[in-house]
Ligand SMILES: Cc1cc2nc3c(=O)[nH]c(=O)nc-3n(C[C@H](O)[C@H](O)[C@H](O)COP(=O)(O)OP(=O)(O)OC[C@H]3O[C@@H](n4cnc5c(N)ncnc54)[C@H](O)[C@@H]3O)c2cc1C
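One chain comes next, on its own, written as structure tokens: the form predicted on its own.
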């Protein structure tokens, strides 16, 4: 990120015990955890809490990773795959607990992984067997109980949805941290015994920092270039529909399409980028005819009664993807008192809270973040 001299010519000098950069789900909760220790915490963002991907997603609280479970076992090994799944379950339960405490709308409506081809149906069945063998509550069914043309379903009854913007903003509000926003951070520097976070509105000196900028982290932390890739996700929502057409969080076509009907009847639909993966990269906030058209085509095939309804909103959000599909937690090599928690591969709501806890534990106590450790890659 770049900030002109004119923009920062009147920035104020501030001090805190710890500063958290990025007020999405990860940064807001990291600030919450730090403040619980009695520390003086400053939370800062270039816009406001939940302005980025944390406020532009479907609000799904899903157990699991990008890959189906058996694929994760094959890629990471059984122990790591099981630990990652457990982390997602703990995040989901923590999110539901926080939502209840803070008065945020949430619903344990269950999720459905939906196969759109026979090949994906076979993969879902393998995933189901692997999950059942490890004791996770799932139910696999060949065919489509709704008669909409899906090839198979995998039901996870304990998953659900939450209002993501209200959750993030409630966490930030009740964190006990001082919020400084808008404050576009353009550099994070080491100083004796701590860090200096330089922004357009404020320059903060602290003992330590957590960087929770996800896809935008490489713009401030060059060491993350090539390790956190910005990927655009697009969504749409209809006007309220006169009747219920689907209950639960739907996750179809290997996760490339996802949908949910809100309590007020609005139908949310996201994804559509599978055929446009090269184009859907970068930090530009826009919607494109190709992806939006793909969303419409999906609705026309599987939810024709929704496809003809007026579209009320279209939007995009930028996600951070890593080379191996797992988040990164670690110290910046040139700023050792700054810890990053980034790269959620489209599952920030599903993993972010517990990943934030590991980042805080690393910063305060030097505790290894385990399989999330950025040491698996070479930071320079």
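Residue numbers count along the first chain shown, from 1. The shown structure was predicted, so the numbers you read here are calculated from the model rather than taken from an experiment.
Keep in mind that the form predicted in complex with the ligand is not shown, yet the notes after this line are about it.
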| query | finding |
| --- | --- |
| Position in contact with the ligand when the complex is considered in the predicted complex, options 85, 76, 303, 258, heavy atoms within 4.5 Å | 258 |
| The ligand: the contacting residue among 349, 338, 34, 328 in the predicted complex [heavy atom, 4.5 Å] | 349 |
| The ligand in the predicted complex reached by all of 116, 130 and 298, non-hydrogen atom within 4.5 Å | no |
| is_contact(residue 42, the ligand) in the predicted complex, heavy atom dist at most 4.5 Å | no |
| Exercise: residue 184 in contact with the ligand in the predicted complex, heavy atom 4.5 Å | yes |
| Non-hydrogen atom contact residue 19 with the ligand in the predicted complex at 4.5 angstroms | no |
| Distance check, residue 65 to the ligand in the predicted complex, heavy atom within 4.5 Å | no |
| Interface segment, criterion being heavy atoms within 4.5 Å of the ligand in the predicted complex, picked from 313 to 321, 328 to 336, 34 to 42, 65 to 73 | 313 to 321 |
| Sequence-ordered list of residues in 209 to 231 near the ligand in the predicted complex, where near means a heavy atom within 4.5 Å | 212, 213, 214, 216, 220 |
